[in-house]
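Next up is one chain by itself, shown in structure tokens, the form predicted on its own.
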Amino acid sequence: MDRECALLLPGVCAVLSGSGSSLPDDTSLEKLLDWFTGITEAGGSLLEACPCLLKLISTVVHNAASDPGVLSFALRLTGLLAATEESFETIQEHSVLNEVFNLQHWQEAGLWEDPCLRIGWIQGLRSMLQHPKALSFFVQSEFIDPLLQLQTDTSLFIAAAANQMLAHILLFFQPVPPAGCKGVDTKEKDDGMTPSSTDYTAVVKSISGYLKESLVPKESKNVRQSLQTLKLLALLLAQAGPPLRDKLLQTVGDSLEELVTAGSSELTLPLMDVILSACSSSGTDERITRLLSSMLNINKPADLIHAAAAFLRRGQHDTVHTARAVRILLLPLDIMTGQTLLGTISTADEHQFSVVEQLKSKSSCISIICVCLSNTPQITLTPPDVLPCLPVSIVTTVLSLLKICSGNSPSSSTGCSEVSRNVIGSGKVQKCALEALTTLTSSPGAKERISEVFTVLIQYLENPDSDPTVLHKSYQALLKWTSVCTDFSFITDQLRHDLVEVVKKRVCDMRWEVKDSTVEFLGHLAGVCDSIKAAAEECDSSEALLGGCSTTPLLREALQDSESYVRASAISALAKTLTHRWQQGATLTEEEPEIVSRLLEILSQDSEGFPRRAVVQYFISWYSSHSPPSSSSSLLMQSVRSVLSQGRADLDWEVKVHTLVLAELLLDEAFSGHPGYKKGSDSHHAPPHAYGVVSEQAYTLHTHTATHTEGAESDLAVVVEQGVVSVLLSGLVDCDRPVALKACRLLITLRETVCPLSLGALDASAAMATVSCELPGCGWGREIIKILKMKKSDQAKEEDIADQRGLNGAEEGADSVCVSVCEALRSLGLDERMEVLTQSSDHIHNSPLSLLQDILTASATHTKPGEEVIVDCY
């Protein structure tokens, strides 16, 4: 703890103990605890550094007028202070522990009913229970019974905290088994950390007895208690060592069997969690295996389906039960579609009638079918000896279900018409089926059904009743299946025509979500096509799917859409569509200049940020993909200058960051052949910042063969002319930190390349003296000039007199000033600025010192009526 904080802390303690009332900022106490916790975890002693804390706790506890929030803080602080044996003994000598955690005292004072106090009591004890002496205190004070009662507290938050507390006690103090024992953390404990066997045995006995008694609900209102108990038991069995695990299973075994027999639907999933946790830790325990078999044979179809799904999700490697779970999950799909998934002899036949009856209820039917569909991808990957049918049959089943949902399947072809009508038009089932179909591309033999897949998906795209989400998932499925296809001979002229027509129709849909999904599809399709071409030149999926129909006119039309999301998606799709042409250095088409003109218009005039960001990213993609010399190079470079000029002045910080990415590509192009230039340095050294989402896409500049014969000064003059240096300088003084941070990094990279200190100041000045940059006399230019003036004033008056005079001419309203680029790079204090920019504002406003000052200031202001209390909101 630093000296300033140590001096302020007694005053803060006096404030808290003096009034006993809560603070204006109700998070201040939480922040204080966080700070104290950090000191403790770092190995510091709070009692030595802050002896006033004990007095604070004692005063607050005995003050009948203390606010419940402050009392809760005192309870938690006491537990934190007592977390080490040495501090525990010190606190106990002062009789503070008995005062703070005395349950009878709080009940008699009428404060125990306040949730703040109860949660403080639990969390304080939890913090303290880190050593055997604390456990002894806990047992001797008979706190176990109140803690068990809190398992069913009216506050779910308190009940969960009590639940976690019980688990902590049993798991933290359990005896360490021999090294390498399965299912347990085998780290060694010091002898001083080994609890008394008597204390631990007493805790285990009490908790085990509670688990046994509370597992089976005596009345329907006690189901919540059973739920809490099952959660605790699952947590314990998953982490307990053999002695504790065996003791728990021995104690609760009969109760678990009774629960399984009772068949309470509300308890099915938590009960499965307990059984599966026991399976994972105990191996082949006969009793647990029997319980699992019973759960996979219960009579309620919905519970049976959920139990089977829970088993598969846990990834158990039990062939018998896996086969059972698979057949259970396939049975509803078999009934619904009439596909033969279970063979002629089925162990699931015993449930056939009850499942059919359950599926006749529409709500139950949709729920069960969705659960089964979500598990089909995992089912197809199970071993062949477990799967009752070929994986491709499951793909066929999903396709059949999609046809039933859309009403395209004749009733005679379905397994049970009375059941199948429940899913007709169900958007929920359609979405689940499409998600499953998208994932099933990796299933063995799935490609055998690819023609049928395309047919069904195009029918969904054509269906006027399909809602936007269903259409979006249909596009996703179509893209995924296209990506795994290498032979498009199955695409008929009719299928191709249908797809082209539906895309043309959907791109003009009345719903903007549908237009957006369609435009995105066209862009992603171009990306899929390019990747397929890279893998096999003879495959042209775009030609096969769209029959040579150009998507560019459709995307150009979407640039005029009234919805900003659609415009942004259209720009992104155009970039993906044209990437292959850029990479090949293809001849400029007639429409490309028109596209560029429209994009620059969007960048300068669009009121929404999404399209403007997409425009800058379009040019980033173009510049990083193009292969000069080509007919498009002149248009590209001319456009890039406009993008840099407009992008740096944009009001959206993400547009400005993307503009800096484009500027970085130009720097890479100019200086990649120079020694000392660190290409992509920003991406390697930039820590992730927390001020918004910046695109994580990595742009790799298309490498070109070039020789740098005219020296670094020539290349520097080029980037100045392109407007790169102006973009970097304007970004440096930008009010948005991510922009300034990136600009500063790039300027440092440029400085180290064109005027490194190792060359000597005179040599560097001589080499770069002729390269200057024009700064406007207003806006960002004036800010840069002010910085340079401040640096000049710190130097000897006779040094760089000419430059000083030049800067003095840059008064407000002046047209512009020319400065030496290299001189500016050295005079801007980039390293100091980088140090400031890489620090979050939290290093000032979220510091312990600021917190203590806020508490004292708020307290002083609070005593003066009529004055507003202002506390930092961080």
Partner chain sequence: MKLYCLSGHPTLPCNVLKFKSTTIMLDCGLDTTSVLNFLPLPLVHSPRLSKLPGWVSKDGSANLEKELKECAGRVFVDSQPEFCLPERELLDLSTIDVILISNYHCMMALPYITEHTGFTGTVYATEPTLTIGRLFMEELVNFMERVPKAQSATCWKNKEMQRMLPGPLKDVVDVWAWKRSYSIQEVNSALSKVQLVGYSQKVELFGAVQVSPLSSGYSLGSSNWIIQSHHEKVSYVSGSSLLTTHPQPMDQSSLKNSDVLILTGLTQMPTANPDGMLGEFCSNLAMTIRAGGNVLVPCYSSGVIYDLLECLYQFIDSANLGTTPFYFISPVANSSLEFSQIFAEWLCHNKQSKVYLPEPPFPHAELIQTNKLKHYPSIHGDFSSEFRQPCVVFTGHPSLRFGDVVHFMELWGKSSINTIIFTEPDFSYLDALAPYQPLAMKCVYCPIDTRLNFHQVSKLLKEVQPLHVVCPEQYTQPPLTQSHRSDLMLELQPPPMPYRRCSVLNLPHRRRYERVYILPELANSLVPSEIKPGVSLATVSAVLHSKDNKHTLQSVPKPPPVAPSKKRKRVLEEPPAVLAPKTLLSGAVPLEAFLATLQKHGFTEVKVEETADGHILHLQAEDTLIQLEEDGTHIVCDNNEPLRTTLRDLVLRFLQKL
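Residue numbers count along the first chain shown, from 1. Here the structure is a predicted model, which is why all the values come from computation and not from measurement.
Just so it is clear, the following notes concern the form predicted in complex with the partner chain, a form of the same protein that is not shown.
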query = Would you say all of 314, 374 and 513 touch the partner chain in the model of the complex, counting a heavy atom within 4.5 Å as a touch?
reply = no
key: Contact assignment for the partner chain in the model of the complex, among 293, 104, 560, 201, heavy atom within 4.5 Å   = 560
key: Heavy atom within 4.5 Å of the partner chain in the model of the complex - residue from 110, 407, 756, 383   = 407
task = Name the stretch, out of 583-591, 725-733, 552-560, 447-455, where some heavy atom lies within 4.5 Å of the partner chain in the model of the complex.
result = 552-560
task = Give a yes/no on whether residue 320 approaches the partner chain to within 4.5 Å in the model of the complex, heavy atoms considered.
result = no
request  = Answer yes if any heavy atom of residue 257 is within 4.5 Å of a heavy atom of the partner chain in the model of the complex; otherwise answer no.
outcome  = no
inquiry  = Residue-level contact is defined here as any heavy atom of the residue lying within 4.5 Å of the partner chain in the model of the complex; does residue 262 satisfy this criterion?
reply    = no
inquiry  = Can you tell me if residue 472 lies within 4.5 angstroms of the partner chain in the model of the complex, counting non-hydrogen atoms only?
reply    = no
Any residue of 583-600 that, in the model of the complex, places a heavy atom within 4.5 Å of the partner chain = none
